[in-house]
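Form predicted on its own, single chain, as structure tokens, below.
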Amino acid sequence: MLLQILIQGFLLSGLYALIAVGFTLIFGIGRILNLAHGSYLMAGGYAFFWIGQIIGLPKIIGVALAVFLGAGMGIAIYRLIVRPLKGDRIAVEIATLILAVILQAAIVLIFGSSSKIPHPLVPGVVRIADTPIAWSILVATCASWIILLSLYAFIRLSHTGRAMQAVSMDPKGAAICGIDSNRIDIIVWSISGGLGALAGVFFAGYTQLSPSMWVTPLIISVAVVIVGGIGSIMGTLAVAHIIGFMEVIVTTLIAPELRGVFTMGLIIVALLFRPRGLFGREEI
């Protein structure tokens, strides 16, 4: 039982980290809670389903379409909503939440309100220490870790990544140094959208597709940002593992219906005792 919890917790945590990292980037650079973040996952999951099971094209095309769709959504949200409302965080957060609800209604009109079960990205089951693990979730976890490590290296080592760090720390100082914050914002929003949509492909394989599937990833992302700290990728990884392991423990040993209770409780505890998060820096 213990080994099963460890294996399942590790696999789920990697997926949760990928779900939340784009949300963390947006909050770290613009101090904005993009409440439409869950809609990237919804759009990516349905795009993959549409390509593979309705049109019948290869799954890799569905994955590529999902990523490009998510990146395009991110850029569109930034240009049409965030930039015109820049400076009014509350207005941006309300507008992005309304957009998520509108996109949910659009999904209902196109695909119906019933849940859909997409074909697994990679069919089959493998046994690890006598624990059956679906190949799709194993591949999703490995891909998530490769993406997360690559993103961390990109931010730390590349010129664009260092510019993102500069904008996050001091937007005015970055502008004085010649960094185009608008360009950085577009890059960050496109990365966030693309990674969110890819996470949606993986997440749909772990659960199922439904018009309301954007809510759970949004709650996970908010929890990771609040508990992990502003813009901290290390915080994202740490808190995603805390949430992933605790959810597996709760669903395995207590009751599956209580899956989201720990996440919500963790947000409240962090707000009360550690408002800047475990890895967050002090705001000046």
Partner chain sequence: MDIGRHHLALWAIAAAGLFVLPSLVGSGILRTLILANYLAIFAISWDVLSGRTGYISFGQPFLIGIGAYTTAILTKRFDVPMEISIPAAVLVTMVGGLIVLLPALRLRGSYFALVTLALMELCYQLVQVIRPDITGGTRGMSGLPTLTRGASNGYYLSTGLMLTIALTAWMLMRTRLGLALSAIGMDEGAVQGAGLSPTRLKSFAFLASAFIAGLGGAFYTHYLGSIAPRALFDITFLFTILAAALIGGSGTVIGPILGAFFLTFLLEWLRPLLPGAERYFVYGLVALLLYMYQPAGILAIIERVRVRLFGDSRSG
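Here the structure is a predicted model, which is why all the values come from computation and not from measurement. Residue numbers count along the first chain shown, from 1.
The protein also exists as the form predicted together with its partner chain; that form is not presented, and the subsequent description refers to it.
J.: Which one of 33, 67, 242, 29 is close to its partner chain in the predicted bound form, taking close to mean a heavy atom within 4.5 Å?
T.: Of the candidates 33, 67, 242, 29, 33 is the one lying within 4.5 Å of its partner chain in the predicted bound form.
J.: Just give me the single entry in 120, 84, 72, 171 that has a non-hydrogen atom within 4.5 angstroms of its partner chain in the predicted bound form.
T.: Exactly one residue meets the criterion: 84.
J.: Among 233 to 241, 250 to 258, 54 to 62, 39 to 47, which stretch has residues whose heavy atoms lie within 4.5 Å of its partner chain in the predicted bound form?
T.: Of the options given, it is 250 to 258.
J.: Determine whether any heavy atom of residue 203 comes within 4.5 Å of a heavy atom of its partner chain in the predicted bound form, and answer yes or no.
T.: Result no; residue 203 lies far from its partner chain in the predicted bound form.
J.: Within 4.5 Å, heavy atoms only: does residue 226 come near its partner chain in the predicted bound form?
T.: Flag for residue 226 set to yes.
J.: Heavy atom to heavy atom, is residue 155 within 4.5 Å of its partner chain in the predicted bound form?
T.: No, no contact at 4.5 Å.
J.: Going by a heavy atom distance of 4.5 Å, is residue 99 a contact of its partner chain in the predicted bound form?
T.: Contact check for residue 99: yes, within 4.5 Å of its partner chain in the predicted bound form.
J.: Going through 248 to 274 from first to last, which residues have a non-hydrogen atom within 4.5 Å of its partner chain in the predicted bound form?
T.: If the 4.5 Å heavy-atom criterion is applied to its partner chain in the predicted bound form, 248 to 274 yields 257, 258, 260, 261, 264, 265, 267, 268, 271, 272, 273.
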